[in-house]
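The data below hold one chain only, encoded as structure tokens and taken in the form predicted alone.
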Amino acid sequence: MSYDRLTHPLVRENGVLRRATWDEALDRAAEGFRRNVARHGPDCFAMLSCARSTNEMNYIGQKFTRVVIGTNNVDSCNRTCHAPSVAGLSAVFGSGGGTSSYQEVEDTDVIVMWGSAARNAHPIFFQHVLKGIKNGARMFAVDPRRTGTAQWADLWLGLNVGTDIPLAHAVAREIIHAGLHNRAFIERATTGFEEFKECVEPWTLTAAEQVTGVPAEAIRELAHAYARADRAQLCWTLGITEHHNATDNVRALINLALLTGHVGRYGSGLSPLRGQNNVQGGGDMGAIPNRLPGFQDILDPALRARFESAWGTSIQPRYGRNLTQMLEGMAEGEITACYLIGENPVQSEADSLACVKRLSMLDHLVVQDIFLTRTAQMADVVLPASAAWCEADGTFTNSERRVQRVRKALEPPGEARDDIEIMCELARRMGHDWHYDGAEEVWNELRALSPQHRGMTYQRLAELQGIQWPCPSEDALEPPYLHGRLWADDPAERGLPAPFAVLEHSPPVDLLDEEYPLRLTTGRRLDSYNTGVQSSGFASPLRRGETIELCPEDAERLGVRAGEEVRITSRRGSVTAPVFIDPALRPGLVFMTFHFPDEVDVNSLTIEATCPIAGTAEFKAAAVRVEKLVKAG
């Protein structure tokens, strides 16, 4: 299905969306928010901000939520992808950003791609990986599938889905028993090593092989290569974070960096690869329920006071609801009004049928987007917005924390308007006379409140073609990697030590049994983008639509052939899709994407079991059965 651009506002009347003027749509949107806040208080409101829009839009979005409405209930699609990375990195280092620059991947000695099909999902970053390989780096791929990324690796470790912690523990134990851990770094810059050492002790190579399915010798080779390298980069994506214990998975990888000292130095670091073009910036701008702009903790009274003074309002001294908790709040009748900007949870959330039911319980739903998505089709008011990458001025922040300018090249079509202009119109209707003379004025307000962005003027960003945060001074640049302080001789300069985490293995929630014997894992393909709304309108010679990928052995056992339609059923739903035979899969493992939900709603199969720390769902591990369809007659 191809989506047309939204070119005029829509309002719901007698159950049907009809064309409206901007004044009518904005008045309707504002009245619904006012009505719900008056009846239920500010915490009945929730906003999902947009990880594909500019930093400036996300700054205004979270400000709208905190100032105009008076709640911290703001989040975005980071909850479905890298919230566990932010939570894990923050818990250890106090900062949720990846620690390294892309250039360092080219200059390192060992690259570990763990749970990352970067060749398909992060093709720009993968170009840096290829340069690193060309420059002599050894590459290890840890993934249940032998992906296109794994085909470039020196060694592929094909682990069973959901066994990342046992594998990481076994790597750690082998490093410790071989005496390859960095004793000096551990002693000076970390805490909790003895407890960690005790925790990984049961995970011998043999024990790990039995649980993970990875041969003991392969685990040993990874452990020795990573620990012996002068410089090493550990990179991960959603194969690590889309699990019910995702933050623990992230902490398990960080443990390896602490064990070897592969963090805080040029060429050695930890890189969570972001999928949306500004998911890093959205969080940096405070469009998350627990942080103010600049990733500053909302529970800190002094930090809150600075923002309260600048914004002329009080800020709730507590965390708001994340996306997962918002959906739970809808089911409980506690969230009654939503403002969704560029988000399509109807098709992107796990257990999608449950998501539709919860959104339908809202009293007031406003969607601001560039397409009439399945979520927008449920709205009371639809506000047509600009496409941030070509119809707006502003900045984006990529996975290496680099802030870069984007410039308006086209006018939005029809009556569509800039996101910031729309939100300011809504704010004015709700008693806040907001005016910004362009995106740069928004950016300068952010710079005045966020020390890590203070040195990034628009002029400087343009001259240097982007700057990585932190950048507190307009006269200097910081190193491209984070946490170099951990190597300082002066204890005061070194600061707080980085804690090891003691972690337990917790297998996938959706257990395999005789009725559901196959493990479904989900992911991306190179030619399509997330729920397909933005990529479906463009032809691709690679695109083949949704399929279920089976290994030759499973296809033969099921008696099905390539192209044959089959039924896939989980404990939550059932869909049909044609078979694609992929020799890169192992028996018992099947693969699907979520790029074509209008034709095959794969997320009706996935499970909503979520990480209790980050709120991310276990998209990567559903139990399913595949059945050959019997033709009638």
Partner chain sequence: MIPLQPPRRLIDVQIDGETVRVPEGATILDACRAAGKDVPTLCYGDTLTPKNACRVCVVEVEGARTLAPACSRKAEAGMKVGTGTERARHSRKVVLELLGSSVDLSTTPRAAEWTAEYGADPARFGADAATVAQPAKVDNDLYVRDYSKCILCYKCVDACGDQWQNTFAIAVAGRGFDATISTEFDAPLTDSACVYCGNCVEVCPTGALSFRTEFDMRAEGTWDESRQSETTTVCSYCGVGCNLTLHVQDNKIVKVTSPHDNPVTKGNLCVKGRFGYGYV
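Bear in mind the structure is a predicted one, so any value in this text is a computation, not a measurement. Positions refer to the first chain, counted from 1.
Just so it is clear, the following notes concern the form predicted in complex with its partner chain, a form of the same protein that is not shown.
Looking at 204 to 212, 167 to 175, 528 to 536, 247 to 255, which one sits within 4.5 Å of its partner chain in the predicted complex if you count heavy atoms only? Stretch with heavy atoms near the partner: 528 to 536.
May I ask whether 123, 152 and 266 each come within 4.5 Å of its partner chain in the predicted complex, counting any non-hydrogen atom? Every residue of the spot touches its partner chain in the predicted complex.
Selected contact from 504, 297, 230, 187, since only one has a non-hydrogen atom within 4.5 angstroms of its partner chain in the predicted complex: Selected option: 230.
Just to confirm, with a 4.5 Å cut-off on non-hydrogen atoms, which of 95, 127, 182, 290 contacts its partner chain in the predicted complex? That would be 127.
Though only this chain appears here, would residue 303 touch its partner chain in the predicted complex if you measure heavy atom gaps against 4.5 Å? Residue 303 lies outside the contact set for its partner chain.
Would residue 357 count as touching its partner chain in the predicted complex under a 4.5 Å heavy atom rule? Although its partner chain is absent here, residue 357 would stay clear of it in the predicted complex, with no heavy atoms inside 4.5 Å.
Indicate whether residue 307 is a 4.5 Å heavy atom neighbour of its partner chain in the predicted complex. Although its partner chain is absent here, residue 307 would stay clear of it in the predicted complex, with no heavy atoms inside 4.5 Å.
I'd like to check something about residue 399: if you look in the predicted complex, is any of its heavy atoms closer than or equal to 4.5 Å to a heavy atom of its partner chain? Residue 399 belongs to the contact set for its partner chain.
Do any residues of 400 to 418 have a non-hydrogen atom within 4.5 angstroms of its partner chain in the predicted complex? If so, which ones, in sequence order? If the 4.5 Å heavy-atom criterion is applied to its partner chain in the predicted complex, 400 to 418 yields 400, 402, 404, 405, 406, 407, 408, 409, 410, 411.
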